[in-house]
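As structure tokens, one chain now follows by itself in the form predicted alone.
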Amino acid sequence: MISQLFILSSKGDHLIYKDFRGAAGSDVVSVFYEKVTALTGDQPPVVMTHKDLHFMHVRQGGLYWVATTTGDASPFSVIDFLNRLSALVKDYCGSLSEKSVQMNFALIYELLDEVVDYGHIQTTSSDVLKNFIQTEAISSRPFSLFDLSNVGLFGADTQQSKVAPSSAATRPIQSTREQGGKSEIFVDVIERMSVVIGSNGVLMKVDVEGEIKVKCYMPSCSEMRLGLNEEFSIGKSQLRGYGAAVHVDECSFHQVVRLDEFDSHRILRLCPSQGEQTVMQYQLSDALPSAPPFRLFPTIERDSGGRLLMYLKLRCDLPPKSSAVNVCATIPVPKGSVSLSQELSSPDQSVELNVQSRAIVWRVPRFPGGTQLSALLKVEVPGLCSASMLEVGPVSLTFELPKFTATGLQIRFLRLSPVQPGLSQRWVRYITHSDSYTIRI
């Protein structure tokens, strides 16, 4: 049973406050923020206690989503509810940020009135709530059908108009009514990589966590059939030999997914509700079907002037038609490093020395597959010695790989039955993020 629920900004400003039972004082907001800011570390505990009051919170969209209880409520149930609530607000507001919450406070209060009744959780289903929610969302960037950047000469479609932008699925689910009945459905395959590569170039550890998300903007979506790779195996199941093998160790599905065609044809069947939902999650450990996306070839020595000399060659082993974006390499350097000079192989790269964190940051905005970049770095380190040289590394990489999956998972087809009347668009997007990519040197 929930006593109070409130949403705070990262600075402690209270954006939403709802008291369901009147069992606690009005100072709980300041008490919670004082307890959170007083703790050391980046991730405070999700459950905290003050006298007889229990605080349970999650961080979503840079905001604190907090619920208080005075009884013996299950922490897991409350935390799961807060995550569902934040996803519901994102669906109805289009995005999750301090500005969107401030602009849509009336809509959020209306949602809370329907979702929670006197502290008891009722529902977080958008299919149920769409019959009761009347307030329209206010978007900070209104969605327009007339995007002139995607229109060619005499109104002809350009190549760019055939690609769904990354912000296309960040609008309120109720905006379908405002767009003349236009309906869309997005299927996103998202993977996160954790990799450790030894100093000898051997792959020491790899872990890939993936999920398939569906975001539906159809007012009344019928059954959706989602076809995966025919040669898709889970755990120790046998391969059927139809094509290129795609293997994962573990896999779980949303409760709405029907699996009667999955074993025979690798087809997921579901009736998606409006908004976003994760229909499938999977994990792969200890092996990759292809080479890791990046390899580093470092040469580290001390030059005649007593400076630390680092020659780094970074190779992108993606297919030639693929590319990585927002690549950032962080290289720890010895304590006392004061200045840096560099020679880079291309003008779009950038390198800077962060003295406080004792690290060099090497940024590449776009890195095509099958290419190699290099950087010659000279670091001034007073009193550089052999022991100081050992402080260099390991190198941490962050990147994004659009239109690429590390496991090789692909969507063969996306079908709606019966066919939706009127104009409807279906989008399938792939992206792989680096969760932790470490190269020892």
Partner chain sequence: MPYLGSEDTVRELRRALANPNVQSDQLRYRNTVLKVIRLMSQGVDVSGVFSEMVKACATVDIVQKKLVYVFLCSYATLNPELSLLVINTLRKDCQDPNPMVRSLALRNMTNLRLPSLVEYVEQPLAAGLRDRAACVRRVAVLGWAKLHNLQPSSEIDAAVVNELYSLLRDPDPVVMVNCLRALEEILKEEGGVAINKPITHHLLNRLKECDIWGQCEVLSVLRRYRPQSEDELFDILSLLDASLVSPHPPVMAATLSLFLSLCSGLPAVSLAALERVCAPLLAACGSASREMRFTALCHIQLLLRSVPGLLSAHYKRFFCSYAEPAYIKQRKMQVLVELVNDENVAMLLDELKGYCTDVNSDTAQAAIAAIGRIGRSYSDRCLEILTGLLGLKQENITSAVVQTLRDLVWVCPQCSNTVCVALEGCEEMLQDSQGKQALLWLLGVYGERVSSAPYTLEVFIDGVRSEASLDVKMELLTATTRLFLCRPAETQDMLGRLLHYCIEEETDMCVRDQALLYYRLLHCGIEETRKVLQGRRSDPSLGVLIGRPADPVSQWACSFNTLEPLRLGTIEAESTTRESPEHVPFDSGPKTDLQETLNCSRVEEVRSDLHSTDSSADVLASNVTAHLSLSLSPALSPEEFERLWMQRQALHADQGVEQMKDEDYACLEEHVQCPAVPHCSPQSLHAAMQLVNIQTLAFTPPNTLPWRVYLYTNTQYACSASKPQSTLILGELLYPGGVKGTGDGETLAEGRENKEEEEQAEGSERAADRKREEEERVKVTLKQQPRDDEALKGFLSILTTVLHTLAS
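Basically, rigid core = biggest C-alpha set you can superpose within 1.5 Å across the two forms. Numbering follows the first chain given and starts at 1. Everything numeric in this text was worked out from a predicted model, so none of it was measured.
Below, we turn to the form predicted in complex with the partner chain, even though it does not appear here.
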Using a 4.5 Å heavy atom cut-off, which stretch among 30-38, 373-381, 388-396, 401-409 contacts the partner chain in the predicted bound form? 388-396
Ok, E231, E110, E261, D127: which has a heavy atom sitting within 4.5 Å of the partner chain in the predicted bound form? E110
In the predicted bound form, the residue from R302, R192, R363, K313 that sits within 4.5 Å of the partner chain by heavy atoms: R192
State yes or no: in the predicted bound form, is some non-hydrogen atom of R426 no more than 4.5 angstroms from a non-hydrogen atom of the partner chain? no
Contact test in the predicted bound form: R415 vs the partner chain, heavy atoms, 4.5 Å: no
Hey, in the predicted bound form, is F297 touching the partner chain, heavy atoms inside 4.5 Å? no
Considering only heavy atoms, tell me if R269 and the partner chain come within 4.5 Å of each other in the predicted bound form. no
In the predicted bound form, which residues of 73-90 put a heavy atom within 4.5 Å of the partner chain? A73, S74, P75, F76, S77, I79, D80, F81, N83, R84
Taking the rigid core as the reference frame, is the Cα of D117 displaced by 2 Å or more between this form and the one not shown? yes
